[in-house]
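Just one chain follows, in the form predicted on its own, and it is written as structure tokens.
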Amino acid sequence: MTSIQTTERRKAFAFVAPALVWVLAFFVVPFAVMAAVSVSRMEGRDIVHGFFLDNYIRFFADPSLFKGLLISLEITGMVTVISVLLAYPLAWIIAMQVPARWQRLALMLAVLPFWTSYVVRSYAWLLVLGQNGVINKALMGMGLIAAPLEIASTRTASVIGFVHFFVMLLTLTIYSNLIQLSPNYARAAADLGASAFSTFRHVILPLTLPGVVTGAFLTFVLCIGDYITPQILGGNNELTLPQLIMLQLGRRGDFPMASAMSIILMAVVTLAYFACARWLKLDRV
């Protein structure tokens, strides 16, 4: 190896080193510590280190804990599907129907709620969905209901709060794919006799699926690990996995159990990533 090659490698490593140190210090080391704590056990108020699988066995054997994972998956699934169904038409309208000179303004208006604090948005929805909120007052004023609906502090409220946030994220990812499509694809399909629906189904949708799945995966990751929205809007009627983790930390001080539940949550996210990567064949890129 020549001295020039050695110098170039050192320069390359110097550029990469800060990122490696950052990942090592703020991800690898904390994850290793959490994994080590997850196989420890609590004896009284003391953590006994070792290699015990009690926390994982307890999680899958205790219905109240395992149910938290199922509730998180159910809410995340509903939020992801609803967000995709709402975001795709919105992204289509902005990319295909709005004139190019107005698209930036339309995107800015679409992501405007991002400028508001996440906590503030959740509390705003709590006021809207409450018994004395805008929705109940409007429905009662029109005579459609006789008594206020119980929307706040339910799973429905959590789904509404999540969808409001993630539709904006999915709109951006889908729009970025739609705007890159050449109109010649649709013209060629029309020349071959395809209807508008067939063109969308067989041409437009397959070409934009990477953006859809990317946004859906981001929605899945952020939604399943969120604590704030279920805590504010969902109440304590149905505890999600992040809420159970915080319960283990805040009230019981059971760090090994909380660590084990966090590892399980990360494993679910990892499986979702590999499922998306395999479906999109990203591993071949």
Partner chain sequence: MGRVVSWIYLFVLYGFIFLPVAVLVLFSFQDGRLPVPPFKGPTLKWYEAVLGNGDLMAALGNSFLVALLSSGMALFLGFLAAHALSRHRLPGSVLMRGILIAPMTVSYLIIALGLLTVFNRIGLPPSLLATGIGHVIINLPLCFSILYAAMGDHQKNAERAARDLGASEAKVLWLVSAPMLVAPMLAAFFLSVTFSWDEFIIAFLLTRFDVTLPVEIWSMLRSGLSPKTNAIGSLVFLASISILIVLEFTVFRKVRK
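So that the term is clear: the rigid core is the largest set of C-alpha atoms that superpose within 1.5 Å between two forms. Positions refer to the first chain, counted from 1. None of the values given here were measured: they were computed from a predicted structure.
Heads up, the form predicted in complex with the partner chain isn't pictured, but that's what we're talking about next.
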Contact check for Leu20, Val33 and Lys137 against the partner chain in the predicted complex, heavy atom at 4.5 Å: yes
Using the partner position in the predicted complex, report whether Ala100 sits within 4.5 Å of the partner chain, counting heavy atoms only. no
Although the partner chain is absent from this view, report whether Ser259 comes within 4.5 Å of it in the predicted complex, heavy atoms only. yes
Is Gly141 one of the residues lying within 4.5 Å of the partner chain in the predicted complex, judged by heavy atom distances? no
Just to confirm, Ile160 within 4.5 Å of the partner chain in the predicted complex by heavy atoms? yes
So which of Met78, Leu86, Leu209, Ile179 gets a non-hydrogen atom within 4.5 Å of the partner chain in the predicted complex? Leu86
Across 163-184, the residues having a non-hydrogen atom within 4.5 Å of the partner chain in the predicted complex turn out to be Val163, His164, Val167, Met168
Is it true that Ala17 shifts between the shown form and the other one by 2 Å or more at the Cα, once the core is aligned? yes
